[in-house]
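As a starting point, one isolated chain is supplied in structure tokens, in the form predicted alone.
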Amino acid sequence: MPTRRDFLSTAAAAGAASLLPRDAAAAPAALPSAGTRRARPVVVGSSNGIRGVKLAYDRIAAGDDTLDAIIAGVNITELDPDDQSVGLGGLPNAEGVVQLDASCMHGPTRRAGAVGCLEDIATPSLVAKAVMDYTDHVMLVGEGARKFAIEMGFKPQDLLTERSRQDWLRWKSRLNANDAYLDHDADVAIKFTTGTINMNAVNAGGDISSVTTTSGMAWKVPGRVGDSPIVGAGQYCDNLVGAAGSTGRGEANIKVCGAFLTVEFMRQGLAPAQAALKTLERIVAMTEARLLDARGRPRFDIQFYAVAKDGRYGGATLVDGASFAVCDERGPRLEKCVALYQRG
């Protein structure tokens, strides 16, 4: 297994370019910008993307396409074996297999790509972009997605690190014949994550892109797909309006098409943070009773991150305490999400 330093240095130095097929330069060219109004360049995303937003912003400032830039940003996390929520080293499904999901959208060309239940390929975000660039489809899943990735030049590898394997064995050792998938275990010694990284960007010309990538819910039923690879749920962008994406409980987001809904609220004139809060209100309204506490609040959490075409941005969460990553001319930093509910 290559070292963490090997992976991080490769991602930081070459970004996505080193993992693209040889003929990547032949990818379809972008359409002209949707408008000539100048915007304030900014990259926003989930807090685990704090390293990536800086790389993405620097690449945008150097003239790179917004989607190429943010995919290079999320590649840092995908290729980090010490991050157990995305890509290499992600926590596996119930059978000990790491299955990855991702989707992306490119505002200028109005194109999208996605992969679901992808195995053995550490950078599903790049495979999603390859689906967008080289096929007439939007989503490939399972063995078909894996075969496509290998045909495109991506190298398969074992994504289950020893650390994640030990965590899976520890979780598995607690199972018994009476366990069911809807059971909940409050034992904090057993790791659990819905880990995901989302990133959205706008450049000075007002062109927008979005990407979301994940290893999904830890110990999930094999074949489970969350919101990350679903265009309109895990991420969405409209080059006339803005972009949005999410992390957290994907099943809750799928039912409201949360990223699309957030962008639509921005289209109606709401600022990014307020648009995300309105989407969270819709999620609460659509949450089934078994997942609500005595006060009618969801027992889970979920966050949305959004950027408008003019460079305004924001993040929102169900429960106070979450932060999000942002990088603009002031540099990379974490900012606090606005919250629908206060903790306690």
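Residue numbers here begin at 1 and follow the sequence given. Keep in mind that this is a model prediction, so the values were computed, not measured.
The protein also exists as the form predicted in complex with a small molecule; that form is not presented, and the subsequent description refers to it.
**Q** Just to confirm, G226 within 4.5 Å of the small molecule in the model of the complex by heavy atoms?
**A** Taking the distances in the model of the complex, the answer for G226 is yes, it comes within 4.5 Å of the small molecule.
**Q** So in the model of the complex, is the small molecule close enough to G250 to count as touching (4.5 Å, heavy atoms)?
**A** Yes, contact at 4.5 Å.
**Q** Do V141 and the small molecule come within 4.5 Å of each other in the model of the complex, heavy atoms counted?
**A** V141: no, not in contact with the small molecule in the model of the complex.
**Q** Closest heavy atom of G206 to the small molecule in the model of the complex, within 4.5 Å or not?
**A** G206: no contact with the small molecule in the model of the complex.
**Q** Which residue, N200, N75, T262, T214, has a heavy atom that falls within 4.5 Å of the small molecule in the model of the complex?
**A** Flagged contact: T214.
**Q** Could you check which residue among P272, G116, G195, P81 gets a heavy atom within 4.5 Å of the small molecule in the model of the complex?
**A** Of P272, G116, G195, P81, the residue with a heavy atom within 4.5 Å of the small molecule in the model of the complex is G195.
**Q** Which single stretch, out of 147 to 155, 227 to 235, 117 to 125, 104 to 112, brings residue heavy atoms within 4.5 Å of the small molecule in the model of the complex?
**A** Correct option: 227 to 235.
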